[in-house]
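The chain below stands alone and is given in structure tokens; this is the form predicted on its own.
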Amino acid sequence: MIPAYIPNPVAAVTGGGTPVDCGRRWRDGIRIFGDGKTFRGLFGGVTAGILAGFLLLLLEGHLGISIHTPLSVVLLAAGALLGDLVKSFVKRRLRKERGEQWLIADQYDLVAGALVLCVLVDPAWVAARITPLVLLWILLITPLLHRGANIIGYLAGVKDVPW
């Protein structure tokens, strides 16, 4: 899941500039995603996830193991931030403010987005690699990693809130 875990914190660091929704509003009159989702963050995050994944591919070759494929790396990285965008869209529809805590959704949006995109595009990889035990570990470790990364981002001044 490293290619999926890397994009969110990198998006927070590299973000800024033009919002993905370009300031447009949905039919309910509320912004589609908001100012917190920018093209710079989206591309920076996905690129970092892909680079981390390709580094893993190189290491796997030297270690004689095979977990990822180039396609799985791209899908995990892109899916993580697509999941974050979907969550932001729903969050706006629920009238939640930017930065407002939304338990469960805030922690698992990247996992849902990454795995759904993988299932849609490369179901054979998911079936071969995401066993029930692996999924359990993902579900257990994700909130811990998410919270830790957010606290670091908050202390570094990248995030306004520690969640």
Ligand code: CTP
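Not measured: the values here are computed from a predicted model. All residue numbers are counted from 1 along the displayed sequence.
The form predicted in complex with this ligand is left out here; the points below concern that form.
In plain terms, the part of the chain that comes close to this ligand in the predicted bound form, with a heavy atom within 4.5 Å, is 90-98 out of 131-139, 63-71, 116-124, 90-98. Using a 4.5 Å cut-off to this ligand in the predicted bound form, each of 16, 36 and 41 places a heavy atom inside that distance.
In the predicted bound form, this ligand stays beyond 4.5 Å of every heavy atom belonging to residue 145. A residue is said to contact a partner when one of its heavy atoms sits within 4.5 Å of a partner heavy atom; residue 149 fails this definition for this ligand in the predicted bound form, lying far away. Contact residues in stretch 134-149 (any heavy atom within 4.5 Å of this ligand, taken in the predicted bound form) are absent; none meets the cut-off.
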